[in-house]
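Shown below, as structure tokens, is a lone chain in the form predicted on its own; questions about how it binds or moves come after it.
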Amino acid sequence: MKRIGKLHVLTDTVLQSRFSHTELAKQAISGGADTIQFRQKNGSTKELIEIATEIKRICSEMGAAFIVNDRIDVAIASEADGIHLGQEDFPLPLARKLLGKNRIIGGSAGTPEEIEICLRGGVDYIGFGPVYATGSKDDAGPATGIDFLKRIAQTTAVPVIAIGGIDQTNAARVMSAGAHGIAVISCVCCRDNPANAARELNDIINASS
């Protein structure tokens, strides 16, 4: 049975440069993250595969799931546990055909219509947002707000992972709205101690369960 994590940390080396993707993965997992998502827009395919393969090794050893954003070729080459795809990324039905039924596929959505597209494509979870305004993603749409998230969480047939502007100050509200979990970037990656930052979020999630 596929286990959809509750604390997804997207590693980032653009918003910060102190920690590498692999260092962030180690710290985030040690702080309680159960899912690591690797997202990098630049670099050669060879470089991305090398980084992803190392993160996959770390995740396997530390007991976390490893998901690649956007790049299905990198996900396949690194034997990732899954892929997360946006509305304009690789077609979901074809991703399922290539990855098989046992891999995790997540889809990004910010509207009910986009959720329906994801569900028809066979996703295992919805990455819904941005819930709050965010500067971590250039192409993020307008903030949906907590009330809309609550309606979506109540009516969506697969787990909803909330994303966008979520941090230690509002994660409890997000979880109380019915989200299965949260996905974060800057509030872990850009902190002086990413492990402690992840631990704070993990404590909030556990307290909301």
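Small disclaimer: the values here were computed from a predicted structure and weren't measured. Throughout, we count residues from 1 along the sequence that is shown.
Another form exists, predicted in complex with a further copy of the same chain; not displayed. Remarks below refer to it.
*Asks:* Just one of 24-32, 45-53, 150-158, 167-175 has residues with a heavy atom within 4.5 Å of a further copy of the same chain in the model of the complex, so point it out.
*Replies:* Only one stretch qualifies here: 45-53.
*Asks:* Is there a non-hydrogen atom of Ala77 within 4.5 angstroms of a non-hydrogen atom of a further copy of the same chain in the model of the complex?
*Replies:* Yes.
*Asks:* Considering only heavy atoms, tell me if Thr111 and a further copy of the same chain come within 4.5 Å of each other in the model of the complex.
*Replies:* The answer is no: Thr111 has no heavy atom within 4.5 Å of a further copy of the same chain.
*Asks:* Residue-level contact is defined here as any heavy atom of the residue lying within 4.5 Å of a further copy of the same chain in the model of the complex; does Ile115 satisfy this criterion?
*Replies:* No.
*Asks:* Tell me, yes or no, whether Ile72 is in contact with a further copy of the same chain in the model of the complex, where a contact means a heavy atom of each within 4.5 Å.
*Replies:* Because a heavy atom of Ile72 falls inside 4.5 Å of a further copy of the same chain in the model of the complex, the answer is yes.
*Asks:* Using a 4.5 Å cut-off on heavy atoms, what residues in 75-97 are near a further copy of the same chain in the model of the complex?
*Replies:* Stretch hits, in order: Ile76, Ala77, Gln87, Glu88, Asp89, Phe90, Pro91, Leu94.
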